[in-house]
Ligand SMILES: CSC[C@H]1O[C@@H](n2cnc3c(O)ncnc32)[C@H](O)[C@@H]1O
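Quick heads-up: it's one chain on its own, the form predicted alone, in structure tokens.
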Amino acid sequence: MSELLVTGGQVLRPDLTVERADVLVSQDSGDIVAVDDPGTLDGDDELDASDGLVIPGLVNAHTHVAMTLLRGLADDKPLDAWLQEDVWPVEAELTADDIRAGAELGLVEMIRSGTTALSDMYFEVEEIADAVDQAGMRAVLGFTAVTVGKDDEAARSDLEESLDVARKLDGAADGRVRTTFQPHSLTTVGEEYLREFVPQALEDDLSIHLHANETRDEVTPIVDEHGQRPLAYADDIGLLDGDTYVAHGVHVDDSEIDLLAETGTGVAHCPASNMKLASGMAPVQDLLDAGVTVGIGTDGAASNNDLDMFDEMRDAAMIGKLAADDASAVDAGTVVEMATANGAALLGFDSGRIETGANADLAVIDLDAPHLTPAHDLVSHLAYAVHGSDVRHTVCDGEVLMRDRTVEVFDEQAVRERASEHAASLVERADD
């Protein structure tokens, strides 16, 4: 059995205490074997965590990883105009090779900033799954179905593909890939299609992921047409009957918060994207107080514009306080849990914590930096001061993805060059 020892550092424990310890992981099972006093464990290989903090690998609970190709292409617009005028016309020109190039770029960015798991919504999902497999990461993937603007045949084809992809790819990458059925949102998939296809997903025991209540424009049409709040409408259709988590959840009222808690439906909070698109401020503390599992996602790089989960933690804490009008809301420890254990719970992975038996998904933060000095409270630093560039090593499933800031699973320079070439060609085609 091959074992990796992460040695010489401090370790963030599940109760958010920090202690000096070594972490031993099995590279065969991909699990943590032991967490013990420094010098008491031995491994076949070692990662030096001196002057560092070992944390669970971060979990990006909602993203569109291949949208790295659209980074900086269109900014400073509201969601509907941004999608219809800029994003969708370009996405219509995407090829499978484009999506692979964009996905690899996004995965490299995540590895370099300590993210080991992600939940992705997009298309050409087999390409993304292959990229995740090569990256050595964990992911929940799915094909995102949209019916608006399509005839009946095309609409049904989209939803059938979402079901087929979820069935086919679940368990890929040696079990590191899980899948979800993905109707894009309650306003972009027609009711008749939801009522037909959601029961099929539930019958196949598929998890479900969709955008919900991201903007007021996703709330008003549902209320006007159905006389219900969006999540009550979703519940009536059966979307909240299984293992479901929604992205954004910005404009939810008290009745919807209670409904999320009652049905066990989680929320992937995307603070940077919500701010950039002026979508609003999600009532995160109210959601947490009600018992809703809330993770953190970056959304796509086109609306963020990076995939750094440390940035996202800081944003979540800051905007959470503004939304609650309370400086004590969404505190440092809470956002760290949201980005680790909560995100893992949403995605269904046994990770997000450092203890024996958990998935060996880890990141080591280099604390030897002016902006991390003095070290009064390392949990505070994780929420408010650490940057993705402070990550020294990244480990997933017991395998080293990045060692001493060098990504080992991709040729990073080649990935960046290929992505740049595909992005330029994509924009040129879209402009023709």
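Position 1 is the first residue in the sequence shown; the rest follow in order. Just so it is clear, the model here is predicted, and its values are computed rather than measured.
From this point on, the text means the form predicted together with this ligand, which you will not see here.
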T180: touches this ligand in the predicted bound form, heavy atom cutoff 4.5 angstroms: no
With heavy atoms only and a cut-off of 4.5 Å, decide whether Y122 touches this ligand in the predicted bound form. yes
Should M67 be counted as a contact of this ligand in the predicted bound form, where contact means heavy atoms within 4.5 Å? yes
Is there a heavy atom of H211 no more than 4.5 Å from a heavy atom of this ligand in the predicted bound form? yes
Could you work out which of T144, N342, N359, N304 is the residue within 4.5 angstroms of this ligand in the predicted bound form, going by heavy atoms? T144
Pick from H184, R167, R195, R156: which residue has any heavy atom within 4.5 angstroms of this ligand in the predicted bound form? H184
From the candidate stretches 233-241, 270-278, 195-203, 130-138, select the single one in contact with this ligand in the predicted bound form, where contact means a heavy atom within 4.5 Å. 270-278
Taking heavy atoms and a 4.5 Å limit, what residues of 87-113 are near this ligand in the predicted bound form? V87, W88, E91
